[in-house]
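One chain is shown next in structure tokens, namely the form predicted alone.
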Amino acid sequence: MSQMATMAVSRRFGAEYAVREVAMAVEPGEVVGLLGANGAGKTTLIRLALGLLRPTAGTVTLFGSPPSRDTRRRLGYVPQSLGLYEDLTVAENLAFAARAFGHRVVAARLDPEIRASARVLVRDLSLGLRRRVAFAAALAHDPELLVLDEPTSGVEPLARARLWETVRAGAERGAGVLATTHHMSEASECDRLVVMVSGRVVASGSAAAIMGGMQTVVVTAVRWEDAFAALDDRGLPVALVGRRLRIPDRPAADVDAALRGAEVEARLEVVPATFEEAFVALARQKVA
């Protein structure tokens, strides 16, 4: 099967690059997670992929062609703003979205809670349910490629899990998925990750490949405040988790030397880094 979306693009606003020399692709049945902090360039890349923005340099291809009305018919898109009309009911929103693509709403395929809210104005729904309605609208025409921009932003964990179940179900039917997020915890929901920092791709692959065996030094001290101050004074990337300190991507010898130099007694343990720690380390290297 051919790639559903390919990009090799840059986009500049004035003198500043929002996206710089980014190359990536989405395969059928694949969930690609586009990760990065706010301002990393994720939404700009999504808009380039959809043809809503023109690249300053490079090209975007959808289903073998440049973005167009024909390719748009094969896409399902959920923007950050959800793209719903708040002064219309759930049923009216879904009917409008379906008819725009020449389809009709199949009630039996809708979530029971969405069916029960059919006559409710969208503005009166909880954020979690609004997002599920936006998903339903985007999926009504059985798109081959699903593009999601921060699809779980502001949603509590259980609702996030339900939304990702919907994403995974679409991929299992063969749809490609490109989803942006700044939730590091959602990395495990993706088949492949693309990490962006300051408009560039700094890592790509599975979570395990991106972490690359990175380790973290865990420090336990009677007075964590003294240990924190000693490590921070040495410029080490220290974080407090509970009453323990975590220092990712630094040799244990450097941590031990900093503590000994400040005459702080502590116990050190080397453990695997978390994905979030690996992401922060990548971002720090890029900024440096």
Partner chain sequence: MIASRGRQPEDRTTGWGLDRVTVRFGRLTALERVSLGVGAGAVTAVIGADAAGKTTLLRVLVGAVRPSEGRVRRPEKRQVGYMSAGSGTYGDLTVDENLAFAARAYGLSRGVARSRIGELLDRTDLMAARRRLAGLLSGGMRQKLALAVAIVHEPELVVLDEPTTGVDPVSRAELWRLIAELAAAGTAVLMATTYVDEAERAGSVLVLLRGRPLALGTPEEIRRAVPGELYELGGRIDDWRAWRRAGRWRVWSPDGRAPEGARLIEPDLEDGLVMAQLAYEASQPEVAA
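Bear in mind that the values here come from a model prediction, so they are computed numbers and not experimental data. Positions refer to the first chain, counted from 1. Each form is matched to the other, and the largest set of C-alpha atoms that superpose within 1.5 Å is called the rigid core.
Just so you know, the form predicted in complex with its partner chain exists too; it's not on screen, but the next bit is about it.
When its partner chain is considered in the predicted complex, residue 157 lines it closely, a heavy atom lying within 4.5 Å.
Under a 4.5 angstroms non-hydrogen atom cutoff, its partner chain in the predicted complex lacks residue 5 among its neighbouring residues. Its partner chain in the predicted complex comes within 4.5 Å of no heavy atom belonging to residue 63. Contact annotation for residue 123: none of its heavy atoms lies within 4.5 Å of its partner chain in the predicted complex.
Put simply, of 203, 184, 118, 145 only one has a heavy atom within 4.5 Å of its partner chain in the predicted complex, and it is 184.
Residues of 161-182 lying near its partner chain in the predicted complex, listed in sequence order, are 161, 162, 165, 168, 172, 182, the criterion being any heavy atom within 4.5 Å.
Relative to the superposed rigid core, residue 28 undergoes a CA displacement smaller than 2 Å between the shown form and the other one.
For residue 251, the Cα coordinates differ by under 2 angstroms between the shown form and the other one after the core has been superposed. Put the two forms on the same core and the Cα of residue 40 is off by 2 Å or more between the shown form and the other one.
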